[in-house]
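Listed next as structure tokens is one chain, alone, in the form predicted on its own.
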Amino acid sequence: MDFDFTEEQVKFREKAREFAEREFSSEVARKFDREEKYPEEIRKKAYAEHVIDYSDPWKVLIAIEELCRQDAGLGISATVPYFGEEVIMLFGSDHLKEKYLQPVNEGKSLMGLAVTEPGGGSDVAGLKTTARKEGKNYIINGAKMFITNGSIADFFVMLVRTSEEEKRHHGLSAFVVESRFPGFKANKLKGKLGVRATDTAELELNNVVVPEENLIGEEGKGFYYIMTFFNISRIFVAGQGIGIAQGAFDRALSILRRKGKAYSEKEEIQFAVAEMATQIQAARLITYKAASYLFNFKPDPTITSMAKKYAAETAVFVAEKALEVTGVDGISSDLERFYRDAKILEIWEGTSEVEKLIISRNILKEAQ
């Protein structure tokens, strides 16, 4: 399988890297990490300079990788205004696409995906937020937790329960819910371990009236829509993992150079460098393989889950190993932030444990 990029894609990578190096200085990254403030001006610059190009999914993956290589908090913040877009794109009506996706793609609106709830995240079929039909509207009550873009998004793709079924996942539906609807409230969460520049919030829904035309696709099919979305988004989370791992590795090498040849040539340091480099390369290759299937409209959920799991764990491993080999110099550098930022990748868009279940179930099913 050939993973050589086109000349246009190579130039785009250089463009994304140049943007990140220019806009995501250490001082800026530390500021937004410390203040836990969403970098709206950076988002606007990224849009204005076409750093995110949805006409080519490879460019999206490349941009995520390069931006997170410089700083995960700022990089993810610049790329998540479109979070959940694929659900409307694939399953929404022409009305929903025109009303909601067009302003997002023009950089005028921000959106989010609201699935996780206070009682749990991995058990999607067990969610408790409900929507009942009243005339030409649905009335939504419940709560969502740890929602990216929660306090800044103009609207959300939201998964709720519309009926009680023997098979729990059969009773779920997806809606577009605007943050301006009466009864909607967002509470920004602070004090996160990492990616503090991203906006995260708890959502409260108290008799929120949603027009029936905001139902995405068919009632009762929402679980399948969200699972389809996860098989797409997990590729991009793997890209975040590659970026964080590569960024931590870059900084470790820079510190090792400053420490001198005698220190870097210690056997334990050489072994650590080899382990980090090998895992980054392996994570990149499996992610690109999963992406090649997806971008050619032949997604392989097993490979996708492998990529997401392995790239996330690689980010955590490399960030931790980078601190080990650099010692005090690393702890007092940007590596400290990379270490904190990496952990979330093993949790969102499916925990590593969930990815293992998907991988094993698919393999065992094929074996039977």
Partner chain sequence: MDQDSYRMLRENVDEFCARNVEPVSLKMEREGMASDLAKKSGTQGFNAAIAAQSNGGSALDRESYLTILERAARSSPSFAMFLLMQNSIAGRILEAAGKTGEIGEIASGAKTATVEFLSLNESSSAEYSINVSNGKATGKLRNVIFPSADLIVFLHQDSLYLARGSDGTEPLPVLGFRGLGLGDVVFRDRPVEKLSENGGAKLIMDALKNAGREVSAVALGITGRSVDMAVEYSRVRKTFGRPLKDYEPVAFQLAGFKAQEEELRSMIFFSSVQDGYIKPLATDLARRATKIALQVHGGYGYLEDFGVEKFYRDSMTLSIYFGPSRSDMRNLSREVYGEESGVI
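A quick note: this is a predicted structure, and the numbers were derived from the prediction, not measured. Positions refer to the first chain, counted from 1.
Only in words, not in the display: the form predicted in complex with the partner chain, which the text now covers.
With the partner chain left out of view, the stretch that reaches within 4.5 Å of it through heavy atoms in the predicted bound form is, among 80-88, 269-277, 95-103, 213-221, 269-277.
Mapping the unseen interface onto this chain, residue 185 falls outside it, with no heavy atom inside 4.5 Å of the partner chain in the predicted bound form. Interface membership of residue 70, defined by any non-hydrogen atom within 4.5 Å of the partner chain in the predicted bound form, is ruled out.
Not displayed here, the partner chain is approached by residue 352 to within 4.5 Å at the level of heavy atoms in the predicted bound form. Within this chain, residue 192 lines the site of the partner chain in the predicted bound form, having a heavy atom no more than 4.5 Å away.
Heavy atoms closer than or equal to 4.5 Å to the partner chain in the predicted bound form belong, across 134-150, to the residues 145, 146, ordered by sequence position.
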